[in-house]
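Below sits a lone chain in structure tokens, taken as the form predicted alone.
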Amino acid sequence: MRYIAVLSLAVIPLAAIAQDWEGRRVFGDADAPQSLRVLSSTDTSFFVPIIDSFLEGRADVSVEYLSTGTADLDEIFRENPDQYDVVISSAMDLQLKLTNDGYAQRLDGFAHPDWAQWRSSLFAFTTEPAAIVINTAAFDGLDIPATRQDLIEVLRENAPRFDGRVGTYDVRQSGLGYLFATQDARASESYWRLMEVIGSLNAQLYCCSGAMIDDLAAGRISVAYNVLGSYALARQDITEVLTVILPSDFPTTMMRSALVSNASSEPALAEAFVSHLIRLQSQGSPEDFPLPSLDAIQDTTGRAAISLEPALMTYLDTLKRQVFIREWENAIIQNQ
């Protein structure tokens, strides 16, 4: 599946015009009596079939889909919660805090596992692993790493080959990148050793998985750490170029989640959309729902997702975040 950038020629509210969106598209009749505004960190291409199926039989409804980065999404929504109806993000900690801070509407009556929701207000609908993704040709003659320690060793032993050619999230700018980093650090000290090695190789820092995957495919970098595996696997045009590795030492698997804004002007329609997401993830075909379902990772690898629980908000504390970012900068930004 290719990523698509779509510009709508429909009339867009002033708030949307002022914002520099990564993607923006209106589905259905822009003049429909009811309009649902979805603020999301997920690339538009993944949601095309989901929204199309939601609109079947709803000729009087349009959906405006607005995508941006996870950190920007949180800030944009907090500033204008009445401008958006549904909020979808891969940054579980930021979503949980929005819910905890009272921005999400409670939706009772959903048949959804307790572990995949929080206070009947935040609902997970995918499980997606963080992966090591490599340009396969760049590892010609080398062992493909299966663990983080393997990656540390191959980078150390072949430093000239990988200098300036290893990418990862800039956790200062990416909410998902920060979530993955803090969860990795909690799980194992190998994370900090890996960051020091990557930093010694003049790390390339990115806002998002899509940009890393593009540079991997183009050969501008050879390795990307903590890329969303679902994004890499969806790129059917470059499957022969990349290898996606799920590290076997410990999993870092996030759950993409959705909430209905407590200030939504279309609460019933927004609730119907979230219900549609939940139903599709368990009953839809890959064509209808081109993201990994809640069961996908457990079914194939036995990996558990990051828990949707208050402990997720630990590293959102201002002081803890400052300390973590400082340690990360000391490790990753050595020669810049």
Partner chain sequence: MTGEVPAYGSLRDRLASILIGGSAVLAVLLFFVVRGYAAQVAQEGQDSILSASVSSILDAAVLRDGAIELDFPYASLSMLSTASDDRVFYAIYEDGTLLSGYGDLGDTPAVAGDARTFASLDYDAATVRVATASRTLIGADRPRRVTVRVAQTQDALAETLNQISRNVAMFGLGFFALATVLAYWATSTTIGQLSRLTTSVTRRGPQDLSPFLKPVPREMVPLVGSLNTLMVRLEHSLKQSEDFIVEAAHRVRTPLATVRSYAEATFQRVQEPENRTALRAMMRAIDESSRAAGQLLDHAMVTFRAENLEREEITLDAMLRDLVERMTPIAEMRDVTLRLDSDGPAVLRGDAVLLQNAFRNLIDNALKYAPVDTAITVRIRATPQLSVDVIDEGRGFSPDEIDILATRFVRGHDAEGHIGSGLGLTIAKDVATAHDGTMVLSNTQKGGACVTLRF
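Numbering follows the first chain given and starts at 1. Just so you know, these numbers come straight off a predicted model, no measurement behind them.
What comes next is about the form predicted together with the partner chain, which does not appear here.
Asks: Within 4.5 Å, heavy atoms only, which of Lys97, Arg156, Arg161, Arg220 is in contact with the partner chain in the predicted bound form?
Replies: Exactly one residue meets the criterion: Lys97.
Asks: Heavy atom within 4.5 Å of the partner chain in the predicted bound form: which of Ser230, Thr243, Gln183, Ser264 fits that? Just give me the one.
Replies: Of the listed residues, the single hit is Gln183.
Asks: At 4.5 Å between heavy atoms, is Met313 in contact with the partner chain in the predicted bound form?
Replies: Answer yes; at least one heavy atom of Met313 falls within 4.5 Å of the partner chain in the predicted bound form.
Asks: Whether Asp20 contacts the partner chain in the predicted bound form should be assessed with a 4.5 Å heavy atom distance threshold; does it?
Replies: Contact with the partner chain, no.
Asks: Using a 4.5 angstroms cut-off on non-hydrogen atoms, would Glu309 count as touching the partner chain in the predicted bound form?
Replies: Output for Glu309 is yes: heavy atoms within 4.5 Å of the partner chain.
Asks: Contact between Gly102 and the partner chain in the predicted bound form at 4.5 Å, heavy atoms?
Replies: Yes, Gly102 sits close enough to the partner chain in the predicted bound form that at least one of its heavy atoms falls within 4.5 Å.
Asks: When the partner chain is placed as it is in the predicted bound form, which of 114-122, 251-259, 168-176, 231-239 ends up with heavy atoms within 4.5 Å of it?
Replies: Only one stretch passes the 4.5 Å heavy-atom test: 114-122.
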